[in-house]
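Coming up is one lone chain in structure tokens, specifically the form predicted on its own.
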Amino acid sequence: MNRYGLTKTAKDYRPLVHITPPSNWCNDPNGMVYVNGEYHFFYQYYPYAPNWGPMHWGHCVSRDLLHWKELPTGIYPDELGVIFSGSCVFDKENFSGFGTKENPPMVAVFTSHLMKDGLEQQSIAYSVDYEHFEKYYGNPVIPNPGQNDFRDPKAFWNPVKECYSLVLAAGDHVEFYASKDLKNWEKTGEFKAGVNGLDGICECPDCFPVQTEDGEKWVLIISMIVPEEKIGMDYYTRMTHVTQYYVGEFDGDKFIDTEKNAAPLMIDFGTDNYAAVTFQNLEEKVLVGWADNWAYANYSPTAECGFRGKMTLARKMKLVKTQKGYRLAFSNEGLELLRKNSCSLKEGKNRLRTSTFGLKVEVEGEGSIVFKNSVGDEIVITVTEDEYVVDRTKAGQKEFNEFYAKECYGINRAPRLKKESNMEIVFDKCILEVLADDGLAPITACVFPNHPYEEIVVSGDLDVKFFNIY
């Protein structure tokens, strides 16, 4: 058995370049912030069992977004409760007074959740070495106003008021608060989910500006718990947990949905990307999500490898204008040098010698890419005239959970907007990420092959190049 608890007989599902906990359970990304050349990444963490439990904040850092160094647990539960999701800011001007201008503090804003009665309030902690955190004695900084589901604060710089703002989930809407010192917060506005797009219980919001050809726009991301009575079979409502976004303006007090898309705008069309949020203190907008699904995450067979829970690769975003309006387009960050060392795959069968790799695909028409092994497992990625389809129904283990085994979870579809485009595919042990249609159609799905895939079969009007990831 190695340090991760993986025996010689267990399947090796631990990804090589995707974030996983050192052991046991993780879920939502938290506190993502870029400081002094390092990407700090916190996450919901239960260090004592491979299933959800009283939450801590795990902590890891990276300089390239591919190779991560685990640090000691960042924030522990206290008398106000366990540590639910939140964010970090690099307080460069020391508005909080927790550090100095020469040594600015990192300030974490998070939800304190009492397990006994579900009371949720917002608290802060700070660090001047960016590793060890002290709780603020004045917590909670935003007491609960008397409602359920009051959580997941995402702090950001407010350029209108030149202060910090945050957006947090509050039942069927999100609320905005502003502060000059990160300690004293005043409510400034609300945004109701579901006027356009999906309604339900809001979670893990994020709000940030993006430059476009028409000037600056703002994006509001909201992860949603969709009511069971509204579950359907379309792109948007086949699961209880999905992540949508809106495009509009931020007036300094609240977000305004200026685009008013009737159909939901999706961060991902796959089953396994939830609670996605961005790095703070980073000029470009880079997003990471939890690459699992609440329907089956607690039953994932990765527990035999010593962990449960993983994150998507970091994805850089741009906001592009399409014939259907503004849409986010994504590209994988950190793979630039690896893509340069690529080789062409032939049509038909190609031998596969690794379980972590990438594919660059020029899409000129219709076609398919299939990963296969000798025990009959296969993932089928199909490009049709109108759609991109990822079929994992025969990808490997699925008996561990009834929801994972359902066809509506096994077949992932995304609309195709472009006749000719680029697609990037990354496979890493147990997670498949497809950024299709020049990044407009992301599909993320976890799979659990009974044996490593041994060949890639290419057919149709697809020019496929292979590159190693290490």
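All residue numbers are counted from 1 along the displayed sequence. Fair warning: this is a prediction, and the values are worked out from it, not measured in the lab.
Below, we turn to the form predicted together with beta-D-fructofuranose (FRU), even though it does not appear here.
Here the marked residues Glu333, Lys360 and Phe466 all miss beta-D-fructofuranose (FRU) in the predicted bound form; none has a heavy atom within 4.5 angstroms.
In short, of 137 to 145, 333 to 341, 200 to 208, 260 to 268 it is 200 to 208 that has heavy atoms within 4.5 Å of beta-D-fructofuranose (FRU) in the predicted bound form. In the predicted bound form, Arg315 stays away from beta-D-fructofuranose (FRU), with no heavy atom inside 4.5 Å. Although the partner is absent from this view, Tyr274 contacts beta-D-fructofuranose (FRU) in the predicted bound form, with a non-hydrogen atom inside 4.5 angstroms. Although the partner is absent here, Tyr34 is not a contact residue: none of its heavy atoms lies within 4.5 angstroms of beta-D-fructofuranose (FRU) in the predicted bound form. For the chain shown alone, Asp28 is a contact residue for beta-D-fructofuranose (FRU) in the predicted bound form, at least one non-hydrogen atom being within 4.5 angstroms. This chain lacks the partner; the member of Phe98, Phe90, Tyr130, Phe84 within 4.5 angstroms of beta-D-fructofuranose (FRU) in the predicted bound form by a non-hydrogen atom is Phe84. With the partner removed from view, the residue among Arg308, Arg392, Lys154, Arg151 that has a non-hydrogen atom within 4.5 Å of beta-D-fructofuranose (FRU) in the predicted bound form turns out to be Arg151. Contacts between 293 to 317 and beta-D-fructofuranose (FRU), taken as any heavy atom within 4.5 Å in the predicted bound form, involve only Trp294.
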